[in-house]
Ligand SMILES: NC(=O)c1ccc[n+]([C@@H]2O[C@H](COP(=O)([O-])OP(=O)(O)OC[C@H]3O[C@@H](n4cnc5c(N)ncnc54)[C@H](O)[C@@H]3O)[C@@H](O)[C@H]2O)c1
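Next up: a single chain in structure tokens, the form predicted on its own.
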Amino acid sequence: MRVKKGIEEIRNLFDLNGKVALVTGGSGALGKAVSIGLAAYGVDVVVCGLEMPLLEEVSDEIQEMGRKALPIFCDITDPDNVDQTVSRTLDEFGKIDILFNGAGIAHRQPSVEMPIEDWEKVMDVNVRGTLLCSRAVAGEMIKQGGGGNIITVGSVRGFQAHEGGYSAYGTSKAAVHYLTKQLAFEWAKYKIRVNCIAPCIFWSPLTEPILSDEESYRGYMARIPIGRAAEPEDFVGVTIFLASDASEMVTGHVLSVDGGTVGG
């Protein structure tokens, strides 16, 4: 059966008013930008992460915008902690419409020198943490009657190798890309869409040492056709798209937001 949208539905494709989002890594540069961006579009936001003072700052900023916000400490590698975070979100807001998996870590070191414990930590946070959060939220979305949007965060390094010692990080992000497709396939019958944003390198406290070094910066920019590193705010628009009805037929997709990096 064909379903055609009326003009009002088309006008409201990006309307997120009244939605509730859970954002992991909410104290980081990406998580903060996305949290504030979602709030600007009418979303109430639960920001979770490991640094409560920073989470509280983000929460305060969102509330000053006239939206509800709640900061929660959450270790995404701990299943019990994840379940508690989801339960508290439901207690406070009654539902979860959007999950943004913004938490992640990077460890750059040549493969032969990297302690296996560091490799395992990157996998634990980036892959295990994404799975734990996604399935906990999806379970509640199913109980709510289905529907909802889950957004994961991959990377251009999940597509392309790099001389900067990305064996752990790149492998973890390639795994996130596949996990996104698998979860999208499994949960499509519940009208839960799962998509991935794959950024190029962007400015943050973690990348400041790399991007502030002139030689290093030139090396990275040589692989980004648009000629600049991304800013955290560059990922807000695509998040709104993936979280809204504007992307109703998009699921299992890895969307590169990389200035053309994977195009050449």
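Each residue number is its position in the shown sequence, starting from 1. Only a predicted model underlies this, so the values are computations on that prediction, with no experimental measurement involved.
Not on display, but discussed next: the form predicted in complex with this ligand.
Item checked: Contact residue in the model of the complex, from D75, E92, E120, E186 (heavy atom within 4.5 Å of this ligand) -> Answer to the contact question: D75.
Note to self: To verify the annotation, which of these, L206, M65, M52, I224, has a non-hydrogen atom within 4.5 Å of this ligand in the model of the complex?
What the structure shows: The residue in contact is L206.
Margin query: How about L132 - does it come within 4.5 Å of this ligand in the model of the complex, if we only consider non-hydrogen atoms?
Written below: Although this ligand is absent here, L132 would stay clear of it in the model of the complex, with no heavy atoms inside 4.5 Å.
Check: Is there a non-hydrogen atom of A29 within 4.5 angstroms of a non-hydrogen atom of this ligand in the model of the complex?
Finding: The answer is yes: A29 has a heavy atom within 4.5 Å of this ligand.
Margin query: Can you tell me whether M141 touches this ligand? I mean in the model of the complex, with a 4.5 angstroms heavy atom cut-off.
Written below: No - in the model of the complex, heavy atoms of M141 and this ligand never come within 4.5 Å of each other.
Margin query: in the model of the complex, is there a heavy atom of this ligand that lies within 4.5 Å of any heavy atom of G154, even though the partner is absent here?
Written below: Yes - in the model of the complex, heavy atoms of G154 and this ligand come within 4.5 Å of each other.
Notebook entry, point to check: From first to last in sequence, which residues of 101-134 have any non-hydrogen atom within 4.5 angstroms of this ligand in the model of the complex?
Noted result: The stretch touches the partner through G102, A103, G104, I105, V125.
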